[in-house]
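Single chain ahead, by itself, as structure tokens, in the form predicted alone.
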């Protein structure tokens, strides 16, 4: 078996094991925790693509939330007519996912073509302008629902599973399965030749070009891959919330995605998972702490939402100073250190005669 096949097989086995563990964990969670798990899985799709885009190719995207929004709107635009035509169940879901991939992939390809020509602050400015313009686009373009957004058909529990799992648990299963389908190809890209080309382009475009690598093709492909993953995340979020509107994908959310991948560890799939957990659970933890302290109602109202942004900023500064590689590298280093401590030492012959 070649090294490449072993790498693919190892990645697929790891993805299958983690997926089964996540699905099994849903039986231990209540309805609200399963809802949070589904949202974490949706955000993980976006952060996994973003960490490859920024960490491996060096393209700075400040508007990645737009790609999630494109996936959500694409799902709604495709699934609603399918539901009106009497289509339901997995077939309707597949049509919606196809719509999400088509719209998010088209937007990502356009951004990728622009990213092949723009660098640094120019590309960041373009993506920033896109996320700022999203409310105007959804208001002016007919059929996108304006400020109210679009409704998404309800995906209920199949008849065969009723009585076994609840709606929130079923949605968590959908989210976990879609996240596995979105992130596993990204992991294969990262560890394969495509990842090597991305790192080469990030390191020195001129040297990469001399080595026969096309920086424009690599950058466009990275944007398209990240857009497809983010689109799937937007589709999952649309299924879970049964709605898609521009208010869920504003500039603050887009910046949180970028901060999350930096805190988690740029270029790392594990770091993207850590960042997704922080994006979803950190505001909830902060709200619990604020409510538990017993602050006056007006102070508690002022801290709602703003405290999470403040903590994210402090966390970003602390992590970049203490662990420049991110939390995933710090946790990975601790795990490796513990593994070396408990690993039996190799036997060394004390004398030449023993040899």
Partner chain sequence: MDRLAFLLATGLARGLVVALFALSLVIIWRAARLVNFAQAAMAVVAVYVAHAITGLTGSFWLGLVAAVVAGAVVGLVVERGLVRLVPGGTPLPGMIVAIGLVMVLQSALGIAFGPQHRPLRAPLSQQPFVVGGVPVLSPYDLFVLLVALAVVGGLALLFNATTLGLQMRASATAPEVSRLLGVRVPRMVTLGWALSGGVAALAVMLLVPTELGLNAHSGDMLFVHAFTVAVLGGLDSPVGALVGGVVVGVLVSLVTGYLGAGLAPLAVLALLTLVLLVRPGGIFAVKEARTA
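Positions refer to the first chain, counted from 1. Small disclaimer: the values here were computed from a predicted structure and weren't measured.
The following text describes the form predicted together with the partner chain, which does not appear among the structures shown.
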For the partner chain in the model of the complex, the stretch among 23 to 31, 36 to 44, 282 to 290, 309 to 317 with residues bearing a heavy atom within 4.5 Å is 309 to 317
Exercise for the section: Spell out, yes or no, whether the shortest heavy atom distance between residue 78 and the partner chain in the model of the complex is within 4.5 Å. Expected result: no
| Applying a 4.5 Å heavy atom distance criterion, does residue 130 contact the partner chain in the model of the complex? | yes
Contact between residue 295 and the partner chain in the model of the complex at 4.5 Å, heavy atoms? no
- prompt: With a 4.5 Å heavy atom cut-off, would you call residue 266 a contact of the partner chain in the model of the complex?
  reply: yes
Interface check vs the partner chain in the model of the complex: of 189, 248, 137, 94, the one with a heavy atom inside 4.5 Å is 137
The listed residue (277, 259, 224, 180) that reaches within 4.5 Å of the partner chain in the model of the complex by any heavy atom is 259
